[in-house]
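Here you get one chain, nothing else, as structure tokens; it is the form predicted alone.
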Amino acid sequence: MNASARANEWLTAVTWRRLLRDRPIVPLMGLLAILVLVIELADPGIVSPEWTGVIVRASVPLAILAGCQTLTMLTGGIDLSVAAIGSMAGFVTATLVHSPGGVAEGIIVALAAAALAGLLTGIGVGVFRVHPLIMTLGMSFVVLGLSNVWQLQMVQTGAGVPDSLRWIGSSTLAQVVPYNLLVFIPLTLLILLGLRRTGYGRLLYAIGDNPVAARLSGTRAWQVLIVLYVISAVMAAIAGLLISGLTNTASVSLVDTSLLPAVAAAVIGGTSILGGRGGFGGTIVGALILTVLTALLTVLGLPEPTRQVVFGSIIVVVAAAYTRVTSES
């Protein structure tokens, strides 16, 4: 095959659809580069190592929340309880900062409460076959209600966000490298290796791709789903702790505004809402894209309502285009 033929092959629509389906991270990196270029043109000199550090720092909690959606979407589900669980984790840790065990006790209690919520969700989805959308939505209200009860009980003892959480959530090394990468990098490696190199990861894809075949092959889907929602809840709690440290705020609704962007980051990153296709690598790039897009709209000085409309429209267009192309492929 000569060079001209190879060039023509790369120009075909089928080739681009196959690339978008099998390696979505490639066009996503191109889109991210375009957004960075646009923001530099809109405000020359803004793109710098320090600016990059700010973007990465803000992207990390969103990427972790989007990772919850990625894992659950691989099985054909979704987790709408991550915002309530993340908010609960940050708030509970703040209220226990002066407990006998200090910050460590607060984090352990928050993670344990998150794991319990994930366990109950997993039992509802895996054992009682409640639809994930309904189950996780209901669990979010349960967690929110219990958080409000806890708030009333502990209102006199709360002492604010611990210094250690503020350090890891908002501080950077040399104003470039955010310290929250100390949490994010090991977690990312666990997820990537877990999905690609373990039997459990393959079961997630199998259940989402063909649940009937997975069941006939002997897979105990209910066990897989219980573990899945426990993992998702613990990840949401970790993200909530980082957001609390980043914003220096602890409230029962802190993470609510990150719920839909987390779902959008997973979809933009190439995870199919129908299950069986996707990965955490693309989700990370999707979170970066949404963070840079938010920064771009801020630089352009658009009013908040206009920014919300533009932000939502771009998410819908990109997600719809990806879904259409991959389904046609």
Partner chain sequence: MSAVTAPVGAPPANPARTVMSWAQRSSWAIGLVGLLAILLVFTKIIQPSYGVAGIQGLGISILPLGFAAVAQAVVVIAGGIDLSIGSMMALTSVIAATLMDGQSAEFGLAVVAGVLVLGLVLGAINGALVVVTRVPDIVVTLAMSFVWAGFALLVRAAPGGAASPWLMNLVIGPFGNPWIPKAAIVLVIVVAVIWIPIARSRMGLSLYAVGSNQLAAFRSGVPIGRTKIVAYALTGLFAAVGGLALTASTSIGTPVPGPYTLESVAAVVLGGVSLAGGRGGVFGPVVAVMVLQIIQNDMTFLSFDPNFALVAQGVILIGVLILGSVLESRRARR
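As the structure is a prediction and not an experimental result, all values here were calculated from the model. Numbering follows the first chain given and starts at 1.
The following text describes the form predicted in complex with the partner chain, which does not appear among the structures shown.
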Partner contact for Trp167 in the predicted bound form: the partner chain, 4.5 angstroms, heavy atom: no
Answer with yes or no whether Leu274 is in contact with the partner chain in the predicted bound form, where contact means some heavy atom within 4.5 Å. yes
May I ask you to check whether Gly145 falls inside a 4.5 Å heavy atom distance of the partner chain in the predicted bound form? yes
Is Val161 one of the residues lying within 4.5 Å of the partner chain in the predicted bound form, judged by heavy atom distances? no
Met135, Val255, Ala110, Leu71: which sits within 4.5 Å of the partner chain in the predicted bound form by any heavy atom? Met135
Kindly indicate whether Pro305, Gln308 and Ala320 are, all three, within 4.5 angstroms of the partner chain in the predicted bound form, using heavy atoms. yes
Partner absent here, but in the predicted bound form, which of 266-274, 60-68, 45-53, 32-40 has residues with a heavy atom within 4.5 Å of the partner chain? 266-274
